[in-house]
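In structure tokens, one chain follows: the form predicted on its own.
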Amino acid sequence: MIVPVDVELVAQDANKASKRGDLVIVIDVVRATTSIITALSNGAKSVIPVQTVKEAMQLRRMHLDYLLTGEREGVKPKGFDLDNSPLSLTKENVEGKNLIMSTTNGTKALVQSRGSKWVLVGAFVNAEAVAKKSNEIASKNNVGISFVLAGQKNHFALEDFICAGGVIDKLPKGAVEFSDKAIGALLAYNGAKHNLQENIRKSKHAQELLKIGFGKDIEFACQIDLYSIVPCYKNGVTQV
């Protein structure tokens, strides 16, 4: 089977991928999906994404030993244990823990993808691994692959588009068929990859993070294939 590959540019379009029956790869490269992959690589038991701070606090009251992690306007909400920086989600902080995460864009994209049977978490840091696993599942089950990009407050986000292209670049040639948006993402990545961090820093969201002192998070998120794990989101929980 030739696997069709498409891209939904903002979180609220996740339902389009679900209606097609596609496997979904959610990307919020700066920073939520990079942070989820990092936390699970560092031994977290699970990451539970929720859309609002209120939901996060309510769930925490039911599970007092869970950690609250996330951001609003880039910084840790009041009452949370950790922010959304992958550099905060160290083995020392998260090993053996369950995390409740709420972010402005990324956790929304995951929750809105819940109608899909297969939802994988992707970023630059696991690009090859998520490309391989998504193609294996899609080929076996005769379904397409759709990238659901978190975007930035319901708008297109350059960094997520480039990251989708980075994963697309690692899909097996000849076994996939790209939509125009998928081709566009691949072209964007190929144009950006030789100065990846510099080009990601040009995006509006990255500029906002730079202003509040999170330049090292952008540097971290631009590492290619740092991890070999592929988190899966199912029944409201993200695990390896």
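Residue numbers run from 1 along the displayed sequence. What you are looking at is a predicted structure, and each value in this text was computed from that prediction instead of being measured.
Absent from the display: the form predicted in complex with a small molecule. The rest refers to it.
Student: Can you check 130-138, 116-124, 96-104, 163-171 and let me know which stretch has heavy atoms within 4.5 Å of the small molecule in the model of the complex?
Tutor: Heavy atoms within 4.5 Å of the small molecule in the model of the complex occur in 96-104.
Student: Classify A32 as contacting or not contacting the small molecule in the model of the complex by the rule of any non-hydrogen atom within 4.5 angstroms, answering yes or no.
Tutor: Contact check for A32: yes, within 4.5 Å of the small molecule in the model of the complex.
Student: Indicate whether the small molecule has at least one heavy atom within 4.5 Å of a heavy atom of L209 in the model of the complex.
Tutor: Taking the distances in the model of the complex, the answer for L209 is yes, it comes within 4.5 Å of the small molecule.
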